[in-house]
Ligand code: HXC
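Next up: just one chain, as structure tokens, the form predicted on its own.
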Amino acid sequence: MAINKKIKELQEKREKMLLGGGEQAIEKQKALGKRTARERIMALLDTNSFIEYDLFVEHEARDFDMAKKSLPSDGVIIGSGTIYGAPVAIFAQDFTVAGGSLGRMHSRKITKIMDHALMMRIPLIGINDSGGARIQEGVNSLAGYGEIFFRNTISSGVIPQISVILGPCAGGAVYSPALTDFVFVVDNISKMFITGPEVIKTVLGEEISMEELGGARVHSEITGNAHFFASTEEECFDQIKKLITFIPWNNGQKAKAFEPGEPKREYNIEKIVPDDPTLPYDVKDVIRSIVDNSDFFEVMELYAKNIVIGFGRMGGRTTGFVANQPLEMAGVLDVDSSDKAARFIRYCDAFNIPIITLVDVPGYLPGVDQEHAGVIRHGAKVLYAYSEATVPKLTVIIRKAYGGGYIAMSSRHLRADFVFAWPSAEIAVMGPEGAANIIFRKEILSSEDPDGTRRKKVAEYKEKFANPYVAAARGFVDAVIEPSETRRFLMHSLNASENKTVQMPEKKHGLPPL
């Protein structure tokens, strides 16, 4: 009988904790279109797979009448479960409890599950929904954030770290998601900012809404702080589950292999790229024409659209793709696209994912704005990332490959393992028109028919330099291939480089142009 009494007591305590901030606070949360913290965990993980830890943890604050306040689970739920049967560690801040504010014990719970994830070498998923530091706990809150940031950093490149912003994420709290690998946001729900609208109004006298300041679209389209944008929480969870299928559980493994499938017939690689080199096309269709089942999972789709990054499978194995997008700014490299590409290249390298690069680049974007924005430093990040990467690197030059853009986009000179070019490839210092105007300037100006002479010299330059055969003659291109041969050549190259090993100079770490 005594044990039954104890069990009943446990059940009552547990039910009280599971209510979080209470029914009224839960109703308010749902009125905002938001799930509760536990509902979010259950929606993301496999059914009945979640095991919660530290349910009965309580805060230790005593100032400002905090001793009289009960904060169930101290406003954060931690535990582990599975996604598609594989283990993950997870935490979710509970906005119904003191606005999900972070205090000493709240942060200790988060760092406990972070340590668990790193030790067990499993992915960590953090669901952020918090008003920020718990002011009543003073420096303890700041110390808590510091402990979290430190763990984000030492776990980087070891285990996947995924941040989900499902409410406010303000002040110092934003730096944890910024240190993780992938950030997911939901329209009209996610808010990220260092200083809120009230502070901006007080200091600068400017009126701005939270959505305009740091909403989901802002971070997906303008800042580049978010990698995936969703319209609903359900869509967001589906995105996370799909990402999980493409990435390995830690840096000592490779991503799980799937049954391979042929690309869909609707993506005919021979009909995607126009004959006229001045006309645009969607490079994502080229990717879909070569990946298994034409399934391409794009990352940062709404940001720096002039370059495309994401995951696909070749022969059942995860592969990272980096491709210039002729539909946007002719596919030039600029400050934002360089940052976007470099970070993705480094992620793939850290987690043993081969990289396929599709090249159609007229070079780096010229202009005073770009120069002043630091295009030299940002552009160098791509050079650094490709040079440092030791995973298999395969390159296909589709069309333009001019100047520094040719070098930066995984050229042989940055140690690409295999470089292929289509017959339409133009590999040169610059475009034929610009080059002819410089090289043959005197002849053109002194000619009786300048326009005719210019056309003749442009054609001459194209014949001599703007083609793949000059580079192939020097061994910078391994093979000039037909578009229809692309998937076969890439599959062969991936198989050949399966056991690639590289010896790098011994050093503590390099110094990328951050």
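Source: prediction; values computed, not measured. Numbering starts at 1 and runs along the sequence shown.
Keep in mind that the form predicted in complex with hexanoyl-coenzyme A (HXC) is missing from the display, and what follows is about it.
J.: So which of Arg134, His219, Lys109, Lys400 gets a non-hydrogen atom within 4.5 Å of hexanoyl-coenzyme A (HXC) in the predicted complex?
T.: Of the listed residues, the single hit is Arg134.
J.: Using a 4.5 Å heavy atom cut-off, which residue among Val158, Ala257, Ala373, Met210 comes into contact with hexanoyl-coenzyme A (HXC) in the predicted complex?
T.: Spelling it out, the residue with a heavy atom inside the cut-off is Met210.
J.: Would you check whether hexanoyl-coenzyme A (HXC), in the predicted complex, lies within 4.5 angstroms of a non-hydrogen atom from each of Phe184, Pro263 and Arg288?
T.: Looking in the predicted complex, the three residues Phe184, Pro263 and Arg288 all stay beyond 4.5 Å of hexanoyl-coenzyme A (HXC) (heavy atoms).
J.: Any of the heavy atoms of Lys28 lying within 4.5 Å of hexanoyl-coenzyme A (HXC) in the predicted complex?
T.: Yes, Lys28 lies within 4.5 Å of hexanoyl-coenzyme A (HXC) in the predicted complex.
J.: Would you classify Phe149 as touching hexanoyl-coenzyme A (HXC) in the predicted complex, given a 4.5 Å non-hydrogen atom cut-off?
T.: Taking the distances in the predicted complex, the answer for Phe149 is yes, it comes within 4.5 Å of hexanoyl-coenzyme A (HXC).
J.: Ala98 near hexanoyl-coenzyme A (HXC) in the predicted complex, any heavy atom under 4.5 Å?
T.: Taking the distances in the predicted complex, the answer for Ala98 is yes, it comes within 4.5 Å of hexanoyl-coenzyme A (HXC).
J.: Hey, in the predicted complex, is Pro326 touching hexanoyl-coenzyme A (HXC), heavy atoms inside 4.5 Å?
T.: No, Pro326 sits far enough from hexanoyl-coenzyme A (HXC) in the predicted complex that none of its heavy atoms falls within 4.5 Å.
J.: Only one of 166 to 174, 303 to 311, 247 to 255, 376 to 384 has heavy atoms within 4.5 Å of hexanoyl-coenzyme A (HXC) in the predicted complex; I'd like to know which.
T.: Single hit among the candidates: 166 to 174.
J.: Would you give me the residues of 380 to 398 that have any heavy atom within 4.5 Å of hexanoyl-coenzyme A (HXC) in the predicted complex, in order from first to last?
T.: None of them.
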